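What follows is one chain in C-alpha cells, specifically the form predicted alone.
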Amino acid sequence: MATFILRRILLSIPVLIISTVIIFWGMTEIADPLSSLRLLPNVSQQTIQNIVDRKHLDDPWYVQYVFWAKDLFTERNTTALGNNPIWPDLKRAAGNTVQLIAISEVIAITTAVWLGVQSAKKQYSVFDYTTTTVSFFGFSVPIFWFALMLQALVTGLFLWTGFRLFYTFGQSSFDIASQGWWAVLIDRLQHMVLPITTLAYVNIATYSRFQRASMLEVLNADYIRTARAKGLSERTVTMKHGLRNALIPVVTLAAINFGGLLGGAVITETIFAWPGMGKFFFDALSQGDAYTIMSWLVVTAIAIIIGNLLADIAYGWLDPRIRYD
C-alpha cells in the first residue's frame, strides 16, 4: 500500500503540471488578461504597461507560464491590478470552505449510507418510496431556491418569535470576539448551519440513490447468499459482508465531489455571504482578474487529485479483493 501511495503521488505531479499548463493557456491565450483594466477610464496607459512588464505579457505564452509557475505558490503571485498577493486571501477562503465541506460531507455520507442501506433492505416499502421521493425532490430543486427557502424560513421564525436560531448570512457576528471563546463557537455554528444544510441535502439525495442501487446489487450476490446459508445474522451479513463492497460507488462519487465542492460552492456561499472559495471565485470573476482565477483553478485541481488519491486508498480497505501490487 505504501508503494502504491508513493507511486500515485509521483504520478500526480505531472498531472498537476499539465493542469496548470492548460489553465494558464486557457486564461491567457484565449482572452486578454488585462481586458477589463483597459476599459477602466481611470487606469492610465503607463499603469497598464507596468503590469505588462511585471507579468511578462509581451513574451510568448509559454514564457509567461514559466514566470507564473515559478511564483505560483509564493507571495510573488499577485493580482494584476494593485499587485496584491493572492495566496493569503485564497488560503483563508479555502480554509473557510473546508469547514463547510468537512461537516456537510460527513453528514451527507453517513445519512445517505444509512438511508440507502435501509431502502435496499426494505425495497418497495413505504420507507423506500418515501426516501426515493425526498431524494428526487433534492435532485429537482435548484440549490439557490432551496437556500433561499431556508433563509426565508429562518427569517420568518425570527420575526414571529423574536428568537434568532440561525443566521442567514456571514461567518460571524460583529464584535462577537469580545464575548469569549464559547460565544464565538456558538455564533460560528449558528452561521454555518444553513449553508451546511444546503450542501448536505443535495449530496444526500445523490449519495443515497447510489448507495441503494449498489446495496441491492450486493445483496443479490452469491457470497451474500453463502453468508446467509452459513447461519450468520442478518446484521453481520449486511454490515460486514455487504456494506463494505457497496460503499465503493459512494466513495468514488464523494472523492470526485470533493474537488467540485471545494471550488464550486459558488451559489451557496454567495447566497449566505460565506467568505469561502465560491465567493472568492465570484469576486475574482466580477473583478476580471485572470491571475486570481488561475490560482483558484489550481487549488481546485489539487483538491480533485487529492480526492482521487484518497478514493483509491479507500478501495483497498473496503474490498480486500483489490490489490495494488
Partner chain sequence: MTDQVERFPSARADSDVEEAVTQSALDTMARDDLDVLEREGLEIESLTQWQLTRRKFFQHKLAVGSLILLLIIILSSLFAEQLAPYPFDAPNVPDRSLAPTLTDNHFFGTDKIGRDYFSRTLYGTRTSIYVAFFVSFLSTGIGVIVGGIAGYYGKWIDNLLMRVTDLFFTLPFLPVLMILANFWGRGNPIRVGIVLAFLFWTTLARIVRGEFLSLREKEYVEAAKALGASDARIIFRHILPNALGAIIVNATLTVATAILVEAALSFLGFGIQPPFPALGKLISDGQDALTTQWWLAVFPGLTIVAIALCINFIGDGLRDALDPKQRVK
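The term rigid core refers to the maximal set of C-alpha atoms that superpose within 1.5 Å between the two forms. Remember, it's a predicted structure, so these values are computed and weren't measured experimentally. Positions refer to the first chain, counted from 1.
Here the subject shifts to the form predicted in complex with the partner chain, a form of this protein not shown in this document.
Of the candidates Val98, Ala213, Leu81, Ile176, Ala213 is the one whose heavy atoms come within 4.5 Å of the partner chain in the predicted bound form; the others do not.
Checked against the partner chain in the predicted bound form, the candidates Leu57, Ala69, Leu297, Leu34 yield a single residue with a heavy atom inside 4.5 Å, and that residue is Leu297. Here the chain stands alone, but in the predicted bound form its contact with the partner chain, taken as any heavy atom within 4.5 Å, falls in 141-149 among 141-149, 83-91, 183-191, 107-115. The partner chain is not shown here, but in the predicted bound form it comes within 4.5 Å of a heavy atom of Phe282. At the 4.5 Å threshold, heavy atoms of Asp128 stay clear of the partner chain in the predicted bound form, well away from it. A residue is said to contact a partner when one of its heavy atoms sits within 4.5 Å of a partner heavy atom; Phe73 fails this definition for the partner chain in the predicted bound form, lying far away.
At least one heavy atom of Tyr201 is located within 4.5 Å of the partner chain in the predicted bound form. Annotation: in the predicted bound form, residues Ile13, Asp53 and Val251 none come within 4.5 Å of the partner chain through any heavy atom. Of the residues in 11-47, those that come within 4.5 Å of the partner chain in the predicted bound form through at least one heavy atom are, in sequence order, Ile22, Met27, Ile30, Ala31. Superposition on the rigid core between this form and the one not shown places the CA atom of Ala31 2 Å or more away from its counterpart.
With the core superposed, Arg225 shows a C-alpha displacement of at least 2 Å between this form and the one not shown.
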